[in-house]
Ligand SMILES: NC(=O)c1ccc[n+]([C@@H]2O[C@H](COP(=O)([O-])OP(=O)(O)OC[C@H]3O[C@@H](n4cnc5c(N)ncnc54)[C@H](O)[C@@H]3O)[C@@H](O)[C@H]2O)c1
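Shown below, as structure tokens, is a lone chain in the form predicted on its own; questions about how it binds or moves come after it.
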Amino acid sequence: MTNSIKVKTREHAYRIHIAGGLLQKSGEMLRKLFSPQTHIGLMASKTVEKYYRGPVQDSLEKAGFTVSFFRMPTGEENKNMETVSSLYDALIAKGFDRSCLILTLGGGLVGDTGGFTAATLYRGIPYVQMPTTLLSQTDSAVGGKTGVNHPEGKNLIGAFYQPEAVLIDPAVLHTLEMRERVSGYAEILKYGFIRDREFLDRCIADRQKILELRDMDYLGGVIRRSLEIKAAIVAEDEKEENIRMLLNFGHTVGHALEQSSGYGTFRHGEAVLAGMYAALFLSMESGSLDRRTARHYMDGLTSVPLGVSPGEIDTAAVYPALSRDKKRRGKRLKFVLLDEIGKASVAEDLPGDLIRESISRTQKAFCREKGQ
């Protein structure tokens, strides 16, 4: 049976479907939304192609769709306009127009880049997300943020463009390496920090159960609760004008870590995990969160295994990278801080020395846990 969540924005509505074996039913699911005469552009990386292109393409073709496959490059360094331009060329050469459909099968790189391509070619081609990583299943595939990186910052080029549907099959997570699982786990914790303390505490206590995929039904429930929180926020603020900024808890420092260390050094979720530590420190030092509570959750974050050495954090380079954060308004840098666990707000004009100290403390905390 398929679990379904409705995402409704001011101008668009779609459903997220969550179920084991959904890849093999993708054609059946899309027949409910699109004519079988629709030409589908299936996009995936070489790795995902090896595991999942066959069952998805077979299902689509059995449902009557015509399918063209487009192989996407791997690596955060390829999430750029050069990749998008290559996709434009390939889609135009294959005769794609606005009656066609783009189907992104993969993680955040494929979903964000393919989604941005769909948003901008011919001013918009319908697209569907089929996320295959824990991070994309719990976060990036939902909400309509599409985009690519620029050398000056992460996701600086993009568009808000909602998909027609999101199809999530938790069974595909068994092929993920542990670093990718940890990356998605960080985003799961984010939802608890900003909206649901009980959910957060449960996910912290059940960390191994989640990361080791011991109970897929349980994990499906974790994915669902994460997306319920995100869907509610997106419905209220589609274009990040106010409350949607709360979804960036840990991301201000996290994005700066990714950019300053060279894209690909940190997985996105690893950088967010470290960024949440910095945000908890800032919440504590600014007086919005009591020290005992902050310390408890900061210790919990440093116990999560990162697949990258915290020594890779160049504290001198991180602070300048913050100035290029896309959430900045004028010269004002915005941080999502916690008033209490499960309740977040946006703060501005934090002292520069305090921000620098949060970055330094974050590096030292994770180095200590690794015995460095």
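Quick caveat, the model's predicted, so the values are computed rather than measured. In case it trips you up, residue 1 is the first one in the sequence shown, and so on.
A second form of this protein, the form predicted in complex with the named molecule, is not displayed here; the remarks below concern that form.
- Arg195 falls outside the set of residues with a heavy atom inside 4.5 Å of the named molecule in the predicted complex.
- Proximity of Ser140 to the named molecule in the predicted complex: non-hydrogen atoms within 4.5 Å are present.
- The closest non-hydrogen atom of Gln162 lies beyond 4.5 Å of the named molecule in the predicted complex.
- With a 4.5 Å cutoff on heavy atoms, Val48 counts as touching the named molecule in the predicted complex.
- Contact with the named molecule in the predicted complex, judged as any non-hydrogen atom within 4.5 angstroms, is confined among 176-184, 203-211, 96-104, 219-227 to 176-184.
- Looking at the named molecule in the predicted complex, residues Thr132, Asn155 and Val172 each place a heavy atom within 4.5 Å of it.
- Scanning 67-95 for heavy atoms within 4.5 Å of the named molecule in the predicted complex gives Thr74, Glu76, Lys79 in sequence order.
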